[in-house]
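Just one chain follows, in the form predicted alone, and it is written as structure tokens.
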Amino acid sequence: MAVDFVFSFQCPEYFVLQVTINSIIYASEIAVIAVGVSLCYSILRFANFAHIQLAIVGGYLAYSFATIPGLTLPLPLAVFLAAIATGLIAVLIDIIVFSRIRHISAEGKMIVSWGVALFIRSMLAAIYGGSAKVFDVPTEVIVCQGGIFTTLDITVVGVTLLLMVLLHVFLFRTRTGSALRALASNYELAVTRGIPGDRLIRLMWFLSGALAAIGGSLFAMQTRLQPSLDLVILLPVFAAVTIGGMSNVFGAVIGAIVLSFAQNFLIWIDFGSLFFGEPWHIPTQLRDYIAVLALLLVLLLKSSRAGGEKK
């Protein structure tokens, strides 16, 4: 788990290093989930709130595969199976719900996705209860040049980097990936040229669900697993996607990095000493408000830019 500190300016080099480490770790946790949101938006053009719940589903499935008596599996295998299962659940949700509302507006689909999210949340609470569950992940603390992190932190960052490389290779080095990018660029034109739109949409749902499951599992390992974890993930994920561009898959990764650094450095800065002479830092509990502020600023900038282009 990323280490939290009460920061001051007594040793800036040390704290800058620690904030940088924390920011990279937190960005890695957000990025995997954010990429799935962006992948869905790039083709279907709506913000899928149910994607966050798929991340929680993946976390619970991974926990179940790793802890159910008689089924106990190594954690990497448990997460892998959870990713496959969540990807199939995402496809099933598309077949039952989203495939039937392709024709309605983006706003309508977004509202439906919120309903799906609430349904999944209530099902998780009914099955697993509201108590928190903790992954039994052995980890060691590492101190390097004054920065503190853990072996679990290294795993989270490493898995995120590996997934981003694999996704890049798939999207830009395979025919199927090129077809998906063609659908994202111009769906109607791609379909008229023979690209199987429905089949590739199902593939997109599977990939999106699998990424959500892995991201949710990593997030839960760093914190704890409970149905309300979606409230912790929701704001930073959608803020990251908005910052990076809703339809830009790898822009979501950049957005996660920008947001994470902004949150951690704003919490680190001693605004009180800078302006009033008395130490005061933004409380860590207000981290999500920084995400909301970033989201609003980006939307306002995009709105003003769109208004200027119309003139």
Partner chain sequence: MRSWLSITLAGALATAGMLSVAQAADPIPVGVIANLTGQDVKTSLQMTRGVELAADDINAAGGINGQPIKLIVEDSEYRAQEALNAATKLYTVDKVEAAIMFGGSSLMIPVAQLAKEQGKVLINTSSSSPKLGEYPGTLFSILPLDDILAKDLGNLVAESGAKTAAVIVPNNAFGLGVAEAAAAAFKAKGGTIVETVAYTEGQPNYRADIQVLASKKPDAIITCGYGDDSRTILRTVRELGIDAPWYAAYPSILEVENPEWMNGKLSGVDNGGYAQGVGKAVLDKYKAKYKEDDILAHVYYGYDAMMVLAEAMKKGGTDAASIAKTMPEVVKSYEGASGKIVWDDRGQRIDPPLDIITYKDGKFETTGTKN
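As the structure is a computational prediction, the values presented were derived from the model and not from experiment. Residue numbers count along the first chain shown, from 1.
What comes next is about the form predicted in complex with the partner chain, which does not appear here.
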message: Suppose contact means a heavy atom within 4.5 Å; in the model of the complex, does that hold for all of F15, F219 and I267 with the partner chain?
response: yes
task: Specify the contacting stretch among 72-80, 138-146, 159-167, 200-208, defined as having any heavy atom within 4.5 Å of the partner chain in the model of the complex.
output: 138-146
message: Is I214 near the partner chain? Define near as a heavy atom within 4.5 Å, in the model of the complex.
response: no
- request: Mark L152 yes when one of its heavy atoms lies within 4.5 Å of a heavy atom of the partner chain in the model of the complex, and no otherwise.
  value: yes
L171 within 4.5 Å of the partner chain in the model of the complex, heavy atoms: no
query: Quick one: does T176 come within 4.5 Å of the partner chain in the model of the complex, counting heavy atoms only?
result: no
field: Those residues of 67-85 which, in the model of the complex, come within 4.5 Å of the partner chain by heavy atom
entry: none
